[in-house]
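Shown next as structure tokens: one chain only, the form predicted on its own.
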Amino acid sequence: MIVEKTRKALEALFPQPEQEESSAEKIEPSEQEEAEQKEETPRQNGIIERDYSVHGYHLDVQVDPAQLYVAVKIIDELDYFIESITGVDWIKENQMEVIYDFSRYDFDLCRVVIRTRIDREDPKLPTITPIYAGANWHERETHDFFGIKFEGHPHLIPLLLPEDADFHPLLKDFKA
């Protein structure tokens, strides 16, 4: 199944330290425990398998900005296409999150979300246009609305805003 193949390929980004064998069973946290933990600490990088009927995607992957290009390359090699790129302004944490949605629907439906967080004061990520030429438009739109700079982008000019716009309307501190 493609979900399992994709998860295994992406696991290479998150090497696990060798653990001693133990006979103890691994106890999965409940959804309530996960929600409580989320409020206390930021999510750690890694892969979470999700219920597609609840979340709309199968794999939720969080990576460091330095891992983004490699993660997207893995997804491309598994024949996914890009659906969208968007941002989230986490103003209280002084961070921006960039979310990449990928899908494939040949024989096995599989949707993958790749997330990465960057500093809100210096929102920069590498462009993925060398891998997915179609990301060009999505990165330009995300730059317009959130001010995220995609380094190496071939033509990062405003897509929807006026050329002289010096504002980013989806930032939480934007005043119209």
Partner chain sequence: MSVPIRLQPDETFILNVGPQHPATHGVLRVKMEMDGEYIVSAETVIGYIHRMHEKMGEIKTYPQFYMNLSRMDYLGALGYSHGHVLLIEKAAGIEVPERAEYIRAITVELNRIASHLFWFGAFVMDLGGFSPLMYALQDREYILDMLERITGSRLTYSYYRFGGLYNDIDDQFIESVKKFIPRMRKSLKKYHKLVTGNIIFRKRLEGNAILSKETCRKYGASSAVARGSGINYDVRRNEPYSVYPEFNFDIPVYHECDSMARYKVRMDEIEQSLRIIEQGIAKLPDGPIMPKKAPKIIKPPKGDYYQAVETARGNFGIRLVSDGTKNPYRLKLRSPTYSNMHLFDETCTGLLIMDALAFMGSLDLVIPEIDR
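Keep in mind that what you see is a predicted model, and the values were worked out from it rather than measured. Residue numbers count along the first chain shown, from 1.
This next part talks about the form predicted together with its partner chain, which is not shown.
Contact annotation for the candidate site: 76, 81 and 109 all lie close to its partner chain in the predicted bound form (heavy atom within 4.5 Å).
In the predicted bound form, residue 55 approaches its partner chain with a heavy atom inside 4.5 Å. Proximity of residue 138 to its partner chain in the predicted bound form: non-hydrogen atoms within 4.5 Å are present. At a distance threshold of 4.5 angstroms between non-hydrogen atoms, residue 131 is in contact with its partner chain in the predicted bound form. Contact check for residue 8: every heavy atom lies farther than 4.5 Å from its partner chain in the predicted bound form. Shown here without its partner chain, the chain has 76, 79, 80, 81, 82, 83, 84, 85, 86, 87, 88, 89, 90, 91, 99, 101 in 73-102 lying with a heavy atom within 4.5 Å of that partner in the predicted bound form.
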